[in-house]
Structures are given as structure tokens and as C-alpha cells.
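Next up: a single chain in C-alpha cells, the form predicted alone.
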Amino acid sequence: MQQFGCQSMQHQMSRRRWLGTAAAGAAALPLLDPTVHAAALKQSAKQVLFIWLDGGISQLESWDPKPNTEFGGPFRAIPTSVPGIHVSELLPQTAQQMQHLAIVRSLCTQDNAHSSGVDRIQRGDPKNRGVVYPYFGSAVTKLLGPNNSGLPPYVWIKPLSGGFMHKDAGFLGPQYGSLAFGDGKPPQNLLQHADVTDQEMTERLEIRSFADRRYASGRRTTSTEANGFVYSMGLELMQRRQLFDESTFSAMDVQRYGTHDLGRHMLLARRMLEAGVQFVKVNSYGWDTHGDNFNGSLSLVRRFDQPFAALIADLAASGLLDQVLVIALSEFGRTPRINGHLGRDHWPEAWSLCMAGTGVRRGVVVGSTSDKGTWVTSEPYDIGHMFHTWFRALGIDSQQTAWDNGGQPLPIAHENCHPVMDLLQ
């Protein structure tokens, strides 16, 4: 099948002068006490929930169905809670939350490989400057500044292994990396050993602090600060370990979100947001459906639909959706053409994402694709447009804010892109 390039209709912004820096911080919500949410909202900080569907969700089996067409596949389009907007029948619960959502159907990005596509999408695909840009989570926590939750600002809930992921921070320095909770579990050896008294623990911490100061003398501050940061976050998590206690979730919530990995991890993500964590990333793997795409999507998309819809409903009901930016996406979409293995391959030329929450218009679809889903027929948006849009939704002026990379000013989002105003309130 012929590959159609992006058909830009109007933009190529003039190069802007990048000035200043931005930071904001405010009080976060008290831990796990929904009765105080409404009173605290006016003083609360912005937060982000970033749902990463690793491998590439098919837009045709989710946000942009093309039923009864050459490449449409076997699934129907169903109406949503917003008249005139339809999604795949694999998203029946999410369809009932459409009044809270915004769908972008006109993404046209540059990379069809996982190895480079994941980094480009999560870093915003800036122009090549010979520097490693931060992932979106690291950028947000740097730009928004600290809140007073006392918890790690950027956490990553994922299957398999966990640990501190310093590479996410790029040139910002390792302190702005992510703390990954493998399988939604706390870091190993989190609990204070029963044979160690509180007094002994205090003395050990004083010794460590002294050793840290000695080690930091004459060394680069970014590494030493990160080392101290990890320890301080570990101590806070020791005091807040009830966050990870799955037995404290109600049976109804467990049923609503699902007992599969993604359901459990999304329920933990809700708790992290309620506790005031600034940026929560949730990973789901297995979306690279080169073979048997339709049976794969039947399982994967439905497994996503259940906890995603529950989480959106819960955030809306509690008022947290007014302060949390929710984003669900992959590194690209899937080919309209169905291959010989009944699969769909990589397709960055025309794909979709879904977002909701603070600063975002609700109940809208932005952009369109051709009747067969092969290319974008409205203005195409690269990931740089999305970064500008997300920053703007969080109250950060992406066109007047710059990184300071050791005296080198760098734009926080691609300067040839712009915010998508149709997505913003």
C-alpha cells in the first residue's frame, strides 16, 4: 500500500526567541482522604496521568474506527455519550465517558521504529541539538516545581522490574528521573528492619548525611543531589507504605478496574494522584499486533477500556479531573492495510490519541483521516504540537519558556510547532 506523507495545511512557525523559565508549585491533596478533595482543589497543584500503551494501539480498533471499509476490520463503531462522536465497539465503557474526553485523530509523526519512536514521542521530538531532551514526566516535574506531598514527583507504574530510571531526565540531571514501581510494588527493602530501633535509624541517617557531604565536595552537584534525593524519597515512602497495600482497596473498586495488571496499576495510579504525586506514568505492554491484530485488540483494548473509563469517572466525580491532565497514547498507530498474518504494522502517518482533564476541552474530536484511514485530511499534528498543547493545559507558556542547559537556551517544545487551540479551554 502506498504510504502517504503528512499534508501540512498552514503551519511552519517562525523561529521564536526563547526566554525565561517557568515554575509553579502549590499544596497537594492530603493522603487518601476524599472528603477533603473539594476544599483542597483551589490550592492544589497540577498533575499528570500519562498512560503509555507500548507497541502501538490500533487507531482503527479504538479512537478512529472505519467500519465497512476496505481496511476497517470486523468491529463496529458505536455512539458515545456525545452525539455524533463514535468510537470502536471495543471501548463501550469509555464511550460513556466521552463527555470528559478529547480525541485527536490527525497525528502524523516521523518515526515508525519502536527503538527511536518511544524516545521521540516521550521527549517531544525536538530538533537535533546534540543533547538528550528530558521525557515529558521529567520536564513537567522540573517546570512545575516541587509540591508539598513529600512523595516522589515522577513515578512510573509498570509490569516487571522497577527502580530509579535516571535516563528519563536527559540533560536536566538524574534527580528528575522516574521512580519505577515494578508490578506496582514498592522498592525492595523498603521496610525498616525489625531489629533496628528508631534511634539507631536516626543515627544511621546522620552518618549517611555526613558521608554524602564529604562525597559531594568537589564533585558535580547533579549526581550527588540525585543520590540524596533518592534516599529522602525512600524515607518518605517508608512512612507512606500503605499506599501500596492492595487490601485497602474496596472490593467494588477492584471489580470496576479489573484484576488484570493494567486494572491494578490504574487503581494504584488513582491512589498516587489522590496522594499528591505530580506525574504518574502507567505502562501497558503487548500492543505490537503484527499478527492476529483483531483477536489481540479484542483482548487488549477491552482490558484498557475497563480501568480507563473507571478512572476518568472517578476523577470527574471527585473533582480531580479539573487539576489532572490525562493522556493515553503509543509511539505510533497501526497500518490501515492488513498484512498476511491478519495483523497491522507500524503507521506514524495517521493515528490517534486521547486526553482529558485540566485545561482541555471536553467532548470533542480534533482532526480527521480519509475514509479508509490511510492519511490525515485535516491539519496534521506532530508530537511537538502535543507537547505545546500539554504544557499550555498545565499553565506553562511553551512559546516563552526555555531550558537552561548549562547556559545554552533550548526550547521546551519544538519551535516549528504550536499549541492546538481547538483542544484547549
Partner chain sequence: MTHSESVRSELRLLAKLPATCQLSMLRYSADGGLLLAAGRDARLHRWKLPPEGLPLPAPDQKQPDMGSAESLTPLTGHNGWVSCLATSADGRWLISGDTWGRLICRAQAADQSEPVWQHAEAHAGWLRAMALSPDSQQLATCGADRMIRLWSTADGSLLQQFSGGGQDLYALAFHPDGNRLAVGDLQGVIGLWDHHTGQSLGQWEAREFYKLSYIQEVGGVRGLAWNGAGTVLAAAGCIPENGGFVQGIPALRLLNAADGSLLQQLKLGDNQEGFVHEVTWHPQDYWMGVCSGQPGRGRFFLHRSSADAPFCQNPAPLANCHSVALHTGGRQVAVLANEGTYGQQKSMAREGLYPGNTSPVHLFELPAD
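Residue numbers count along the first chain shown, from 1. Quantities reported herein were computed from a predicted structural model and do not represent experimental measurements.
One more form of this protein exists, namely the form predicted in complex with the partner chain; it is left out here, but the text below deals with it.
Three-residue candidate spot P74, L160 and L298; every residue lies within 4.5 angstroms of the partner chain in the predicted complex by at least one non-hydrogen atom.
Contact check for D371: no non-hydrogen atom falls within 4.5 Å of the partner chain in the predicted complex.
Although the partner is absent here, P146 lies well away from the partner chain in the predicted complex, with no heavy atom inside 4.5 Å.
At a distance threshold of 4.5 angstroms between non-hydrogen atoms, P92 is out of contact with the partner chain in the predicted complex. The partner chain is not shown here, and in the predicted complex it never comes within 4.5 Å of any heavy atom of S115.
Of the candidate stretches 342 to 350, 98 to 106, 136 to 144, 172 to 180, only 342 to 350 contains residues with a heavy atom within 4.5 Å of the partner chain in the predicted complex. Checked against the partner chain in the predicted complex, the residues G319, P186, G150, G286 give one hit for a heavy atom within 4.5 Å, which is G286. A single residue from the set D292, D245, E206, E200 has any heavy atom within 4.5 angstroms of the partner chain in the predicted complex; that residue is D292.
Contact annotation for 312 to 338: residues with any non-hydrogen atom within 4.5 angstroms of the partner chain in the predicted complex are T335, P336, R337, I338, listed in sequence order.
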